[in-house]
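Next up: just one chain, as structure tokens, the form predicted alone.
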């Protein structure tokens, strides 16, 4: 985080620090628990803090269990485009969907639940995977005078990446704090995410 200073127009966007993405979770991100301490420290510094929470119904179409022709981590074509199939995870109201028990979630000013529509996945905090359905987060941030969105959390190569890219496409200066992120890294997906974010004009710090 060298050279990074929090300012009055900043919002911290904390992506999916939930049990199912941490140790022994249904979709464990390697070393995912390691983001909790730095995220907690960051939340104390920002004037606006937003948490996102994956919030899937039990039969979500992004779950491999709903597709006999493919398995976990395969990619299939959905009506809205390519979709990676995942193990069942972050099912509404389950232990796995809850925030990590050590996450200081009381610092949040807003919690955005995503992926609750059974027919479309939602990596981004701003727009669902159909690239049409908005969560309304951009309008909420603008109403508070936010100019820059600073992203952290899980996983760097999926929900952090797409949230950051959508923040940038909505006109926010965008930073990703890599020390407070961890990635799944499927077939080079972390390197691809970094390249994509840099190409979009996002600062990696």
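For clarity, every value in this text was computed on a predicted model and none was experimentally measured. Positions refer to the first chain, counted from 1.
Form predicted together with a small molecule: not shown, discussed below.
> Should residue 165 be counted as a contact of the small molecule in the model of the complex, where contact means heavy atoms within 4.5 Å?
The answer is no: residue 165 has no heavy atom within 4.5 Å of the small molecule.
> If you check in the model of the complex, is residue 99 within 4.5 Å of the small molecule, heavy atoms only?
Because no heavy atom of residue 99 falls inside 4.5 Å of the small molecule in the model of the complex, the answer is no.
> Using a 4.5 Å heavy atom cut-off, state whether residue 184 contacts the small molecule in the model of the complex.
Heavy-atom contact with the small molecule at 4.5 Å: present for residue 184.
> How about residue 126 - does it come within 4.5 Å of the small molecule in the model of the complex, if we only consider non-hydrogen atoms?
Residue 126: no, not in contact with the small molecule in the model of the complex.
> Since exactly one of 146, 36, 27, 42 fits, which has a heavy atom within 4.5 Å of the small molecule in the model of the complex?
Result of the distance check: 27.
> Exactly one of 137, 150, 155, 51 has a non-hydrogen atom within 4.5 Å of the small molecule in the model of the complex; which residue is it?
If I apply the 4.5 Å criterion carefully, the residue I get is 155.
> Want to guess which of 157-165, 42-50, 137-145, 170-178 is within 4.5 Å of the small molecule in the model of the complex, heavy atoms only?
Going by heavy atoms within 4.5 Å, the stretch is 157-165.
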